[in-house]
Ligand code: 3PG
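Read the single chain below, which is given as structure tokens and is the form predicted on its own.
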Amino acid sequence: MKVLVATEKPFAAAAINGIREIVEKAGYELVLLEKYTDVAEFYAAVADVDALIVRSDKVTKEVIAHANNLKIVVRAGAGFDNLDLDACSERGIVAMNTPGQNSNAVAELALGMMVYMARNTFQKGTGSELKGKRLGIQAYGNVGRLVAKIAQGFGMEVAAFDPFVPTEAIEKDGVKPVLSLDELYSTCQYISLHIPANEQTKKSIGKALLGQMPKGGCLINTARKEVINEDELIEILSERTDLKYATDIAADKQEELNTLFGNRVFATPKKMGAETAEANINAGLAAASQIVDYLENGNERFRLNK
């Protein structure tokens, strides 16, 4: 069995060492394709491998077409919109992600961005504290739960909206479940987004919701840029000079946002939610372990496709 790690942006050395140990202990061969600049290199490398680990690299229908022996592909991370799940299913290839491995890194970043915006992006002037403010979490999954826990440590009151999570599970964490997005946005000074980008959520966050936020409201986005209606975001920020927006995924219109609204908006230079040494290692090791567990035992716990 041959396992390929194909990463335009490589894993940390410690992660690769750990992946190699897991793969070779199982009796498999590890192959690396790092810092490649042409997708043709990816096509060639994937031709004869049985398993594939990627980070944000796009596993397209074309990549799948070149993978003659591929049985499983694992995205080292939670998001998986870089995987063509239909193409994998057509070929009988199992597609997985590694949920939870990057969660703490993303959660800490979300709180860091709240502090940054509350303190006027560390510029002159009087800021505000997070203590005593109400935080609304949209989607109470792995990251959302950690955001809630850290925010409670800051002395924030936390509410959450997630129709897929039982209210008892939310209440167990000392978080108040709310029954609608309107209630979440209208009662929380801070909103932290953790929703995926799909047909139901794309451009779903716009003027109707943001316009309900209390005075001084701030939206924190460590999810996906596609969930924001950027035209409406510009419109509501123009109308409500008290609102702020911080994102880990620069908007398509980020330059316009920066010009119009200055330090009321912020975007990280490059998506960095999972960019910690710990998350990098955890996700890589989890991906390797899941591959071995599937090939040896048929474990499909984190399978994404049908």
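Since the structure is predicted, the reported quantities are computational estimates derived from the model, not experimental observations. Note that residue numbering follows the sequence shown and begins at 1.
Beyond the structure shown, there is the form predicted together with 3-phosphoglyceric acid (3PG), which is absent from this document and is the topic of what follows.
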I'd like to know if His194 sits close to 3-phosphoglyceric acid (3PG) in the model of the complex, meaning any non-hydrogen atom pair within 4.5 angstroms.
no
Heavy atom to heavy atom, is Ile137 within 4.5 Å of 3-phosphoglyceric acid (3PG) in the model of the complex?
no
Is there a non-hydrogen atom of Asn68 within 4.5 angstroms of a non-hydrogen atom of 3-phosphoglyceric acid (3PG) in the model of the complex?
no
Considering only heavy atoms, tell me if Arg264 and 3-phosphoglyceric acid (3PG) come within 4.5 Å of each other in the model of the complex.
no
Sole residue of Ile93, Ala78, Leu209, Ile236 within 4.5 Å of 3-phosphoglyceric acid (3PG) in the model of the complex, by heavy atom:
Ala78
Just one stretch in 250-258, 35-43, 22-30, 51-59 has heavy atoms within 4.5 Å of 3-phosphoglyceric acid (3PG) in the model of the complex, so which one is it?
51-59
Contacts with 3-phosphoglyceric acid (3PG) in the model of the complex - residues in 158-173 whose heavy atoms fall within 4.5 Å
none
